[in-house]
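Here we start with a single chain on its own, the form predicted alone, put down as structure tokens.
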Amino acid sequence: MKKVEFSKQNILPLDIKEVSKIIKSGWLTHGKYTDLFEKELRKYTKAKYSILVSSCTAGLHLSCLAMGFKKGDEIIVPDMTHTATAHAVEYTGAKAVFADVDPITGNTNLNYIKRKITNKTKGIILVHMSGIPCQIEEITKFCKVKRIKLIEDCAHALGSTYKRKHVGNYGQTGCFSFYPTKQIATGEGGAVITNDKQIFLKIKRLKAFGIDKDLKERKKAGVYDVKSLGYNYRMTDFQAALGFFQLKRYKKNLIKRKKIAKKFNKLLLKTKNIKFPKYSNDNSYFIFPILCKNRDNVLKFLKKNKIFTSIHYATPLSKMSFYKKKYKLKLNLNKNSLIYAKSNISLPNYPKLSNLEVEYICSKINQLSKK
């Protein structure tokens, strides 16, 4: 085996050809593929509204602004997530409060959330770690009773469902990532879905400087008004084209990801010192996560055998210097998050990963477990 890459994009020569046409046309933004990609995303997720943005972080930030989060508010986020989840809260002046997670899935749940609730709690951002959907229905009901805003961080979860409903449709908004390692890659890029028209209109204005009319709505070129502060969080049209074509093929991509996950599940099920979440057809399998002891030894062994992996994530947010110092957080704030952070490994899972490569990865992990 030469080497097994951690990630490979599902971009075809025809996609590149179309992107080249867009670049040559000179019409690089506000084009037809932005509309097409948004429409296809609505169709795929069955959300009423969708907005393309420059990154998932931008989508989370815009969502927090649309929720009205401000200084003095507390927003609960999982301790085990990318720092972008908490940063989006902090950008508004609100305070990120870190909830513990399940030590196997890396997802937070209602029990851990309730421990962090105060009279200052105004919102929750849920993360569907590795594509594993949270137990979101009970959290949604709790939020409605408490009048708490709910945002879903779906950066790992395009194609993940809970009770046959696509994630991102339970909260006020759902935010997606199209970073190069994700299920769909546009370079940088992201999207927000919502079923609330007012939230949609607010985010639409906020992502483009606060301008009240987009190009198609202007009777005269350059004539518009700015009614609120806004940002430049737009996606280019050639990025949108890349995303659109991949999303059109995504059902096949997802089937392949699930087949690979089943194979990992079968070949690693009896491996000593390895744990992983039970297979679920609701999971979009951004990666295949495993948990193990002596992670550094496992990582070195896999790298030595030319198997490239990643970690999602190696440090809980409460242990990051910025948050630890700012809020004077305790040393052992969330024990499960620490366990997950020290033991998780992300194995590759993408459509171009062959059966032979999956078998090779599993054979090496099994080989190491017997030593």
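The first residue of the shown sequence is 1; numbering continues from there. Note that the coordinates shown come from a computational prediction; the quantities given were computed from them, not determined experimentally.
Unshown form predicted in complex with a small molecule; subsequent notes refer to it.
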- Query: Quick one: of A155, A240, V167, V101, which gets a non-hydrogen atom within 4.5 angstroms of the small molecule in the predicted complex?
  - Reply: A155
- Task: Consider the chain as shown here, without its partner, and state which of A84, L299, L110, L268 has a heavy atom within 4.5 Å of the small molecule in the predicted complex.
- Result: A84
- Look at the stretches 303-311, 333-341, 24-32, 55-63 and give the one with heavy atoms within 4.5 Å of the small molecule in the predicted complex. 55-63
- Task: Identify whether the small molecule in the predicted complex is within 4.5 Å of every residue in the set G123, T173 and V192, based on non-hydrogen atoms.
- Result: no
- Task: Would you check, heavy atoms only and a 4.5 Å threshold, whether Y162 touches the small molecule in the predicted complex?
- Result: no
- Wondering, does Y179 line up within 4.5 Å of the small molecule in the predicted complex on heavy atoms? yes
- Query: Might I132 be said to contact the small molecule in the predicted complex, defining contact as any heavy atom within 4.5 Å?
  - Reply: no
- Partner contact for V127 in the predicted complex: the small molecule, 4.5 angstroms, heavy atom: yes
